[in-house]
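Coming up is one lone chain in structure tokens, specifically the form predicted on its own.
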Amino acid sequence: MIRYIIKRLLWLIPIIFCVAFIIYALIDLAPGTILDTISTENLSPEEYQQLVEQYDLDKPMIYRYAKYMLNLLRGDLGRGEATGLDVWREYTSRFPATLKLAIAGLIIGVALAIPLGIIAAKNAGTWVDNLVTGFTMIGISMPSFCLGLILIICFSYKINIFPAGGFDSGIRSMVLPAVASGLLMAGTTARQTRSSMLEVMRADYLRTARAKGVPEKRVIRKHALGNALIPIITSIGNTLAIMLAGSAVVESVFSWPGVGRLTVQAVNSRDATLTCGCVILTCIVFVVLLLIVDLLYALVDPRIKAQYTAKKRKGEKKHEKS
């Protein structure tokens, strides 16, 4: 298992190189430069040319990319071209807000998705199943910015229960963005839960458990759900990784000061250094979280853990023979 973890982490190196190159290429192809953000009308042609040389805009994109990667190899993410602030500090100062929103959305999404998926699977083909399926389709297909605006109109302007945006120490400011994120997660996860539960509901071991007089709730909770957890964990893990990476649309709609909104601001200002730093750190968070999800499989399913153990024993035997 340790070898598997090391291999997965080593894959981060080519991923980071490729992601950084794509970011620099896209920003170079996009109209405008960082000078459109920081320059003023009072700049003389000589001062403007100095800024061009300062930000290496008179050199090819590949030069700026290589210069950035050399600094990155030294552990320096650089400073934002528009703000002059350290990229690492900017990211870490915004990440707690994204983490709070992701955890709140995860709690809401899982609390809705798993019970709804189980109910739909138990009542497959009935109006209850159709109702849950309709809810999941709305959650999957509705754009997050549309759902966010609906929540703001209903609960901020019409009823005036929650603030329309921003962030403070209270829970009220977190409710609407968390609900928007959670409902989007609930749609995908509930559908996956229903599909996984349908595959195991008619299994022989469940019939045996019912024949032995095991209560139906325990059959569903312990036997059926336990064996259907792997695809459910995959769905939850993927969605949580996206939320931790910074849900740019939700954070922008609700003016949430998280990583996603910071990345959007960096792209709008054509700040290549800040954009690249945010995306690279986001990739690291994404890969590490998916690695944790893969390792959870061994805890949920003993057969996967046995495979890791068998491979380890084979390696030890080969080592002893040699």
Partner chain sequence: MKKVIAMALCAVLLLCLFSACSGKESNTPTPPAETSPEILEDKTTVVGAEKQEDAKYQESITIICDNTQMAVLDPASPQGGGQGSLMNFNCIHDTLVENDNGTLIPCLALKWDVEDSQHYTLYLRDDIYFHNGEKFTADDVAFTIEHAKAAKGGQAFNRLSVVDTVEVIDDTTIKITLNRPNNDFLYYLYSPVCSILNREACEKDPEKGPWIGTGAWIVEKFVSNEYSELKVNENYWGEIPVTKKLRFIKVAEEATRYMMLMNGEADVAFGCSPADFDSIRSNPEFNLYTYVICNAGFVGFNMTDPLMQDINFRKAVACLLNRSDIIKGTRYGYGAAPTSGAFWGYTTPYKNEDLPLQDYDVELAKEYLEKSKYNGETVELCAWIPEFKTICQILQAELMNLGVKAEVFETDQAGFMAHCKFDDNKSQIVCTSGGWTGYPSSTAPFFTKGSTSNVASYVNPEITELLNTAVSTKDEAERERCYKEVQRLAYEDCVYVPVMHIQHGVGAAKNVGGVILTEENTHDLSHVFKIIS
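Positions refer to the first chain, counted from 1. Just so we're on the same page, rigid core means the largest C-alpha set that superposes within 1.5 Å between forms. Computed from a predicted model, the values in this text were never measured in an experiment.
If you look for the form predicted in complex with its partner chain, you will not find it shown, but the lines that follow are about it.
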One residue of P96, G166, G134, P143 in contact with its partner chain, assessed in the model of the complex (non-hydrogen atom, 4.5 angstroms): G166
Contact label in the model of the complex: R207 to its partner chain, heavy atom within 4.5 Å: no
Proximity of K222 to its partner chain in the model of the complex, heavy atoms at 4.5 Å: no
P60, heavy atom within 4.5 angstroms of its partner chain in the model of the complex: no
Interface membership of W256, its partner chain in the model of the complex, 4.5 Å heavy atom rule: yes
Partner-proximal stretch of 134 to 142, 149 to 157, 179 to 187, 100 to 108 relative to its partner chain in the model of the complex, 4.5 angstroms, heavy atom: 149 to 157
Partner contacts in the model of the complex for 37 to 66 (non-hydrogen atom within 4.5 angstroms of its partner chain): T37, I38, S39, T40, E41, N42, L43, E47, Y48, Q50, L51
Threshold 2 Å Cα movement between this form and the one not shown for V279, core superposed: no
I38: Cα shift of 2 Å or greater between this form and the one not shown (core-aligned): yes
